[in-house]
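Just the one chain here, the form predicted alone, laid out as structure tokens.
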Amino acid sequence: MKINSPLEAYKYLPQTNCGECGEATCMAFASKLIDRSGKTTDCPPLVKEKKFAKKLAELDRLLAPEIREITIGVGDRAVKIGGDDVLYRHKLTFFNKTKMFFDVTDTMDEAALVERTKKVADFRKFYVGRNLLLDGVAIRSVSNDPAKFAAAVKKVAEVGIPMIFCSFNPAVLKAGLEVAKDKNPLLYAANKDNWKEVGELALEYNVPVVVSAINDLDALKTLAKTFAEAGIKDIVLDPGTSPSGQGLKESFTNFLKIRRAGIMGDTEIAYPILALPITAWMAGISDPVSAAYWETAMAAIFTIRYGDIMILHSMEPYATLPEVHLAETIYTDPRTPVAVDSKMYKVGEPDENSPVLFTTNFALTYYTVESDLSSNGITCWLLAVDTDGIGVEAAAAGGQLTADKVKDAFEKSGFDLKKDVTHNTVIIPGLAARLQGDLEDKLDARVMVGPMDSGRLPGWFEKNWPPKQ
């Protein structure tokens, strides 16, 4: 039986509040265990004292995710897949968002191979305070030639991102492993014909492996069980991903059945699932834009429903951007507001004559305002007020944005309107206009009401800045 609350985890801790874990109390440490920001090994007494050995073993068992967590790759770019405990995000959260690997082939020209690999590695999309990335490269053996495959693997490995080796030929997979044995690639795939040889490779090189049985869940479970009994722990499931029609419906249903069984306690099939939206390019669609569109639609389907890792082809922005944005949204923790640090930020290089504005620390609000200011060349000071990650209008109505909170934010940031700027003026959001009078009293400063929408700030500044003496 899993535990999902700090109080349940607390029962297995020393309960001494010694602080050796870095937290003030054992209950605080229990909370970190539940949200996975801490590990049992962070508690020295629990690990070192023999009297807690039984509790430690039991706690580790109870905290282990229902779906096995697997690492692919090494170093800073290594990725984790699986690790989920629930079928529905609102019951806890989803962990380890869907990882996206893009294909290359061993028949590509070397320059084109390296260029596409670097394009995957260098992809960055700034979104609500973080960079969204693509995760790795799937190297497909089109030639079925071990030497050609090994050469392609070597070039991709030099770029330093996680890899999937794609071939049903054990000799090809072994050739790739020989030149990248320390890179921890994912092997794709073991099936009913090659399972023994591929399983031996996974054991010999200690790498994760995909077991594949298209539209046959009994065979898939049998393969996974056989590998687990042989000592292979890091297994990924491929139930097949049909690109259209009744086949797509069956694939979707299979994903649901596998994940539901795993979450409900069937450990023999409680592994991450691989989706293959790349099959959209095999559906007879001649137009590449239409094929990319359908691939993106399939990626969306299996991001929402339990695809832990997927292989894709199109790298056009109209395909990759929806894919990474959706994954980021689905795997955002609903328990924690998306917020920025509450402090004074610089937009450009402001000085004592630059305007001072504030907004809330809700990340989407802050970055929208910051973008509207910076993209229009407006140099200013921008204060993010702590509203528990709530936007301006809702925070002003709900009491999270008040004159006292704004004053407190100025004081904590160390910014003095009388000393750090010459105009002793602050510009407030139009949606918080009701605070103008209270702010004038609390801050002893001039308070100007800005526009309702930050997109109108450039026009507002043209008419109202600098303020009249």
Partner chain sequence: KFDFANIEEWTTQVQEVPIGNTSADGGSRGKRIMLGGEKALPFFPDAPMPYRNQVTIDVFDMRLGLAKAVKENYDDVMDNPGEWAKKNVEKFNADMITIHLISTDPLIKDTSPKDAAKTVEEVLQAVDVPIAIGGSGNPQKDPLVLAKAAEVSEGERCLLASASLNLDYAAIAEAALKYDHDVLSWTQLDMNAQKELNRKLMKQCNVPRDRIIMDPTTAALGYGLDYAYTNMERIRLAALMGDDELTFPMSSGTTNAWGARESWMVSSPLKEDSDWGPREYRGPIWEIITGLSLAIAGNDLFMMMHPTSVAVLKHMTQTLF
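Values in this document were obtained by computation on a predicted structure and should not be read as measured data. Numbering follows the first chain given and starts at 1.
Quick note: we don't show the form predicted in complex with its partner chain, though the next part is all about it.
Novice: Is there a non-hydrogen atom of Glu20 within 4.5 angstroms of a non-hydrogen atom of its partner chain in the predicted bound form?
Specialist: Heavy-atom contact with its partner chain at 4.5 Å: absent for Glu20.
Novice: Answer with yes or no whether Thr253 is in contact with its partner chain in the predicted bound form, where contact means some heavy atom within 4.5 Å.
Specialist: Because a heavy atom of Thr253 falls inside 4.5 Å of its partner chain in the predicted bound form, the answer is yes.
Novice: Answer yes if any heavy atom of Ile258 is within 4.5 Å of a heavy atom of its partner chain in the predicted bound form; otherwise answer no.
Specialist: Output for Ile258 is yes: heavy atoms within 4.5 Å of its partner chain.
Novice: If you check in the predicted bound form, is Lys221 within 4.5 Å of its partner chain, heavy atoms only?
Specialist: Lys221: contacts its partner chain in the predicted bound form.
Novice: From the list Asp122, Asp109, Asp76, Glu349, which entry has a heavy atom within 4.5 Å of its partner chain in the predicted bound form?
Specialist: Answer to the contact question: Asp122.
Novice: Of the residues Lys233, Lys80, Lys154, Arg89, which one places a heavy atom within 4.5 Å of its partner chain in the predicted bound form?
Specialist: Flagged contact: Arg89.
Novice: Exactly one stretch in 146-154, 351-359, 184-192, 258-266 has heavy atoms within 4.5 Å of its partner chain in the predicted bound form; which is it?
Specialist: Single hit among the candidates: 258-266.
Novice: For the heavy atom contacts within 4.5 Å of its partner chain in the predicted bound form, list the residues of 280-298 involved, in sequence order.
Specialist: The stretch touches the partner through Val289, Tyr293, Trp294, Thr296, Ala297, Met298.
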